[in-house]
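Each of two forms of one protein chain follows alone as structure tokens, named structure 1 and structure 2.
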Structure 1
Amino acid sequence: MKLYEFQGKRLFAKYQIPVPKGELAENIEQALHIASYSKTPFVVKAQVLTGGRGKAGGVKLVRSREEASNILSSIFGMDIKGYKVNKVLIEEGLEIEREIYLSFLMNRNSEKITLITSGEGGMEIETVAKENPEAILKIDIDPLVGIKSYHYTNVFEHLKIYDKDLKNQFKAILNNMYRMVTELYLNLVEINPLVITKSNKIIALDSKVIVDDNGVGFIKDFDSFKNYDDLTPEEITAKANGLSFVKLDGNIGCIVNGAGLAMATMDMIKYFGGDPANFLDVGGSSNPEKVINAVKIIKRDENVKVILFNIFGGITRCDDIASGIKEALKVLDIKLPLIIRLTGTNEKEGVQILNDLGLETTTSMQDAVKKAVSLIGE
């Protein structure tokens, strides 16, 4: 789960990581009110769950009260990479001496918690990695050991921070970010830029926080933070119904049991010249309700011209899936052709149910996929 900048900063404040003074506005009236008493210059920052808002004009400096109204109206409602802006953060302006990149990451390759820092703050770390890799310091921290003084020392040497007061501020930030990562089940906490102001204060100017989906439920802090704003309505419905769903641009709707098989199904559609409309994993359960919900979600997509079921029964029982299809046909108005591949546990019973409805089935994945593709071709 991605958090908004303002949510990340609320967590920072809780973990004693300094952030600029700021307020959230959830509509333009609120924003204008906050602007009316905020000391200029201040900064207006669109709150969207994607990067690149700066380039898109979603971050603006307001130099005088007079400018505020125009700037705020330009930002509210703006579309940034498909995300509509309906929240802004209004923050004090800071006099910046230096910008630093700092993050902690659950690193699946090294299997450690990786601290990443660079003197080139404000730039995307991937860009720095390409253009100036030696500007980046990566330190793998073993979660059994934790963050230690020599890690700090390496960071300070890399960033050439020698001032004692700055070191102490920085140590506290490193330590608190590390605590955040481990206590809040974060996959990533990134501050870019972390700024040193002209008055020698270190402040987190931005926040990017990604919470481990497996950890979200364990942490009270996130109860008020849960949002699906980075998901499409279909993805939200799917999630709520225990389905994994990702929308694609094609026209063959897929309902598959198992994520690997679902990907392989999409790939095979493409291989035979077709275009998958989605990734959808109904999971290992045999609840017919899941099939109905899966069909519902796929039907919403007007591009879809055919629905392909690819079921390899293991834990999932073929007869349960067949019953689900039967129910769906009853409850929903399905005009699309259904191509059904059924094999594995209780295959015979499942096939019988479908044949009784006049539906054909196959045991071959390849046959089913080819047939779906050929139907589109017609």
Structure 2
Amino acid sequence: MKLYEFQGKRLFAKYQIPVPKGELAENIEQALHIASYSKTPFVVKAQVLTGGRGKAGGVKLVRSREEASNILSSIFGMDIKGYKVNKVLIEEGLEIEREIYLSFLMNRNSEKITLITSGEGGMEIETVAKENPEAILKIDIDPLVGIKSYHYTNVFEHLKIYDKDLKNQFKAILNNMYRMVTELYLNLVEINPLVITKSNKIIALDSKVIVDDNGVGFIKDFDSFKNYDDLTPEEITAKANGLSFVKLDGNIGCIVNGAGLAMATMDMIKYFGGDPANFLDVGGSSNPEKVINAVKIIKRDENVKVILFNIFGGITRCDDIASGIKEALKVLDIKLPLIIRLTGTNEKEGVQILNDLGLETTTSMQDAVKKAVSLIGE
């Protein structure tokens, strides 16, 4: 889950990472009121869950209160890469001496936490990596050991930071960002730019924070940070009902129990020449209601031509899945063909429920996938 800049900065403040003074405005009237007493110059920053705000005109410096109205009116409601601006962050202006890029990310390939920094802050790190890769320093930190003194030394040498006071400030920020990643289960925490002001203060001018969905509970008072603005209506419904769902571009709707089996199902669909329409995991419990909600989500996709159930019963019992299918047929207008693979816990009971409805089942995953793909070609 992505956090807005203002939400990320609230977390920064909790972790004693310096941020500019600022206030959030959620409508034009509120923004004008804040502007009326804000010391100029100040910065208006569109709050959207995407990058490229500056290039799109979503970040503006306001030098006088007279120009505030026009600038605020131009930013509210604008579209930035498909995201509509409904709120802005109004922050104090700073006299900037230098801009730096700094991030920590959870690197699952190396099973370490990767620190990335560059003296070319304020630019997209992908652009820097392409045009000037030597400007980027990457350090893999073993989470069993943590940040060591030589890590600081490498960062300071790379960024050419020699002032003792700046080193102390930077060291504190490094430590606190690392704590954020490890304590809050973050996939990424990024500051771009981290600025050094003319008064020799280091301040996080921006924030980008991505929370692992499995770790949201580690954030205290998470409800104040929770937002699903970056999700589709189907993904929001799935989250509300305890389902794991990812929309894809195919036409075979998949309802599977277990993430590994779901991935294998999609691979087999592709192997036999089909295209999965989604990843949807109903596993984790025996709850027929999950099946009904899963079918509701699948039916919203007009591209779906067939629904494939691939159930290997364990904790998720086959008879509960079958009962869910039975109830779904009662309450939903399902005109799509259903292909059902059912095997495992309470398999006989589940098969009997479905046979009584006139539905065929198979215990073979391969046969079920082949059948689903063949129906698309008919």
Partner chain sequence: MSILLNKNTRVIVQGITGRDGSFHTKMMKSYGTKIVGGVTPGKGNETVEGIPVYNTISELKKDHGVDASVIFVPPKFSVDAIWEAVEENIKLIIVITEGVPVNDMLKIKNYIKGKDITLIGPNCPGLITPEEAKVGIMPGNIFKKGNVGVISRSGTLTYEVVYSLTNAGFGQSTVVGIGGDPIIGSRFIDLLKLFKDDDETEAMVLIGEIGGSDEAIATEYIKKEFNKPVVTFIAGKTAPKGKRMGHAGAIVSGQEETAQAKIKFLKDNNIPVAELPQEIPDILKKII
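Since this is a predicted model, take the numbers as computed values, not measurements. We call the rigid core the largest set of C-alpha positions that still match within 1.5 Å between the two forms. Reference numbering: structure 1, starting with residue 1.
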property: Form predicted alone - which displayed structure it is; result: 2
property: Displaced residue check between structure 1 and structure 2: Gly250, CA, 2 Å or over, core reference; result: yes
property: Large Cα move at Ala13 between structure 1 and structure 2, threshold 2 Å, rigid core; result: no
property: Flag for Asn303, CA shift 2 Å or larger between structure 1 and structure 2 after aligning core; result: yes
property: Asp319 CA shift between structure 1 and structure 2 in angstrom, with the core used for superposition; result: 9.1
